[in-house]
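In structure tokens, the next block holds one chain alone, the form predicted on its own.
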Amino acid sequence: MRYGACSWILGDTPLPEVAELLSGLGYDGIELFGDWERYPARRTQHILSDHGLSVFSLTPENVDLAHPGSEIRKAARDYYLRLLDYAAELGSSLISCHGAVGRVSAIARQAQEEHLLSEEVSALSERAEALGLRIALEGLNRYESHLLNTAGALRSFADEVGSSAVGILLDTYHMNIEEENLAGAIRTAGRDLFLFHVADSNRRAVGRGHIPFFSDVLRELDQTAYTGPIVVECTAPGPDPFTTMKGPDWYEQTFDEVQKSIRELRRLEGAS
């Protein structure tokens, strides 16, 4: 199995330091935040290559593809189109996509916004197909987004879009809130599971919550023949997990969470 971590959880830490940290801990790759100005493609490739890391995927900015306002939706579409081009420049084959984080109810009607999202993702899938890239739709919990909260919803949405370039991203933290059965959610995604995120039930490191990673998660990933990477997206303890670098010991705490996750994942893999 290949393991990576999301760059955003390390806040404003310069990429060379992030790459050195992840490589030193035994990670294989990174999910890079989708900011092409902060991470110019050629320089980023050199930094990551020097540390033996691959770009597994790209995390999008918090834009709103389902907003009923056409200008807001167009800005989101334009961002994602540029993100796909950026992914191609980086040599990454995958970007993630989700509803606007923090918008937990429809401005118009729920069904209308789901339809708008479907139209936008369908348009993006055409660019992705042309570039030989893939889009992984991420299920967020209901306290972060009102769209696509479960594997079942993601499955239906991906089937409706009907593009081989569009698949599913599951995240154990969100799954723990939304799914009746973790293994069942993985089975629902099936062959279209493009990417898998991990954090424990409290969004801390793997092993610091109550998610049954060995029995319900890793075994099921093996049973469904998942071949993608496992990407750590845990956060340091404390309030407001979306605000990084909150105090003088924040980096040390985050380092500990990232280190704990890879050690626990490697241990569980060895036990399987």
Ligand code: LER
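Don't overthink the numbering: it's just position in the shown sequence, from 1. Here the structure is a predicted model, which is why all the values come from computation and not from measurement.
In what follows, reference is made to the form predicted in complex with L-Erythrulose (LER), a form of this protein that is not presented.
Asks: Of the listed stretches (86 to 94, 69 to 77, 111 to 119, 168 to 176), which one has a non-hydrogen atom within 4.5 Å of L-Erythrulose (LER) in the predicted bound form?
Replies: So the stretch in question is 168 to 176.
Asks: Between the options 189, 140, 161, 182, which residue brings a heavy atom to within 4.5 Å of L-Erythrulose (LER) in the predicted bound form?
Replies: Partner contact (heavy atom, 4.5 Å) among the options: 140.
Asks: Determine whether any heavy atom of residue 233 comes within 4.5 Å of a heavy atom of L-Erythrulose (LER) in the predicted bound form, and answer yes or no.
Replies: Taking the distances in the predicted bound form, the answer for residue 233 is yes, it comes within 4.5 Å of L-Erythrulose (LER).
Asks: Report whether the minimum heavy atom distance between residue 101 and L-Erythrulose (LER) in the predicted bound form is within 4.5 Å.
Replies: Yes.
Asks: Does L-Erythrulose (LER) get within 4.5 angstroms of any non-hydrogen atom of residue 203 in the predicted bound form?
Replies: Flag for residue 203 set to yes.
Asks: If you check in the predicted bound form, is residue 129 within 4.5 Å of L-Erythrulose (LER), heavy atoms only?
Replies: Outside the cut-off, so no.
Asks: Considering only 176 to 195, what residues come within 4.5 Å of L-Erythrulose (LER) in the predicted bound form, judged by heavy atoms?
Replies: Contacting residues: none.
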